[in-house]
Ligand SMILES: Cc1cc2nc3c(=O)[nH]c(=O)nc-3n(C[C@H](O)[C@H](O)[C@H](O)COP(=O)(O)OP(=O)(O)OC[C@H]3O[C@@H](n4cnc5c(N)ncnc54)[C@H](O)[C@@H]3O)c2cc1C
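Take a look at this one chain, the form predicted on its own, written out in structure tokens.
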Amino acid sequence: MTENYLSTDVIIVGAGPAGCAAAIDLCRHDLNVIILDKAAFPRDKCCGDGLTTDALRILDELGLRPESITSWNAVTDAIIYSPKGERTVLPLPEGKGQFAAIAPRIELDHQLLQLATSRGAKLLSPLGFSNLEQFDDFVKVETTDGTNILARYVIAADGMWSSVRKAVNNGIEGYRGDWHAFRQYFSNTGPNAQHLTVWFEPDLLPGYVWLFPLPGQRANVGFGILRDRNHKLKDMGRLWKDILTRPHIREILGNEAIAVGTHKAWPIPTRMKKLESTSGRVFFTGDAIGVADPMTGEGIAQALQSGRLAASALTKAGPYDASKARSQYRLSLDKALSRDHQFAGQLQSLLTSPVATELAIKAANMNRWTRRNFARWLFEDYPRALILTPDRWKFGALSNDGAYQANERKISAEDADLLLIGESE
């Protein structure tokens, strides 16, 4: 590499969950990492703020602590309303760690980035990506202020509108995402708004309305719809006003609830099979590769996992064998995400029907076992397509612990100590 340029082992474009997960793992292998992001942190990110079991386990492994996020809210159950308005309570396991949580992205992303920089990653922010040029053994990246950086690899974690993907010219022409989501924060929510709640409204299927509770009687409330369904995206603001006036939704939200700030909308890409995962020495992750769940639109767990898989591929292949790195990354993506992604897409087509959705919820509500396991499957405690992938069958696959169980044991021990102190007094 030329000495006249700033140089590093890996450049990561985008400081969201995918980029930070990759940075943390790369730094653990003593690689030099530079993270570029056009935003100044902390910054807000349009999202439902929900964390599945997969996401929580990865965050736990990366070293993120729930107590570092002021608005962290662990979820113990979910309430689902069918298209006919029938209520189903889905409990998550007790005493085995956390299986779902809510954490505002403005806090989550900031803490993940701090964790990455504390591990040794160098942050250049606010500073945007401008262009890149690829060579046999390295990549040259130019930033928006004219800085040139040389690196062995680039990990593109820069979202749906990836500037890196545009630079290598291998996107999908005219692609604007598959889902479109809309959310707003509320304060002073009512007593019924303390549970994670989902409404499968007949006119939104396979989309839905959500209420994700936060501490202090706050909530993230929103809805998601498919782009190719009946609603026009330009009418989402009007649809939002209509949703908030629906009596069964307003009853849960609370009549005294107050909208905070402005509502926001964002696209969600789910075309993992059609977006190339690599281009030379460039590796795409998160929304830049369309890994969000086609059935729910959730994408944080997939972003975290794809970032870690990219980091693993680079460390295993070494700085010079880009072909091996590409092959390793593609294989690991296929094994970890592609099969479940495809299965979820097939399920999505079934949920376009109110009748099919109603039957699915009734089946989930048959007994205690089905309710608990449907909740675990919904929150990705085990792979979506587990039944179709025998290579992942193993004893205990349906009874794994959640995340942060060590924290719970520690707290329990501390509580026990306090009880003993109280007894001795």
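One rule holds for the numbers: they count along the sequence shown, beginning at 1. In this text, all values refer to a predicted model and were calculated from it rather than measured experimentally.
Below, we turn to the form predicted in complex with the named molecule, even though it does not appear here.
Only one of Ala39, Leu31, Ile69, Ile361 lies close to the named molecule in the predicted bound form, with a heavy atom inside 4.5 Å, and it is Ala39.
Checking Gly128, Pro83, Pro93, Gly345 against the named molecule in the predicted bound form, a heavy atom within 4.5 Å turns up for just one residue: Gly128.
Only one listed stretch (70-78, 243-251, 275-283, 259-267) carries heavy atoms within 4.5 Å of the named molecule in the predicted bound form, and that stretch is 259-267.
Heavy atoms of Arg105 reach within 4.5 Å of the named molecule in the predicted bound form, making it an interface residue. Interface membership of Ala356, defined by any non-hydrogen atom within 4.5 Å of the named molecule in the predicted bound form, is ruled out. In the predicted bound form, the named molecule lies farther than 4.5 Å from every heavy atom of Arg339. Taking the partner from elsewhere, Ala181 is found to have a heavy atom lying within 4.5 Å of the named molecule in the predicted bound form. Shown here without the named molecule, the chain has Ala157, Asp158, Gly159, Ser163 in 145-172 lying with a heavy atom within 4.5 Å of that partner in the predicted bound form.
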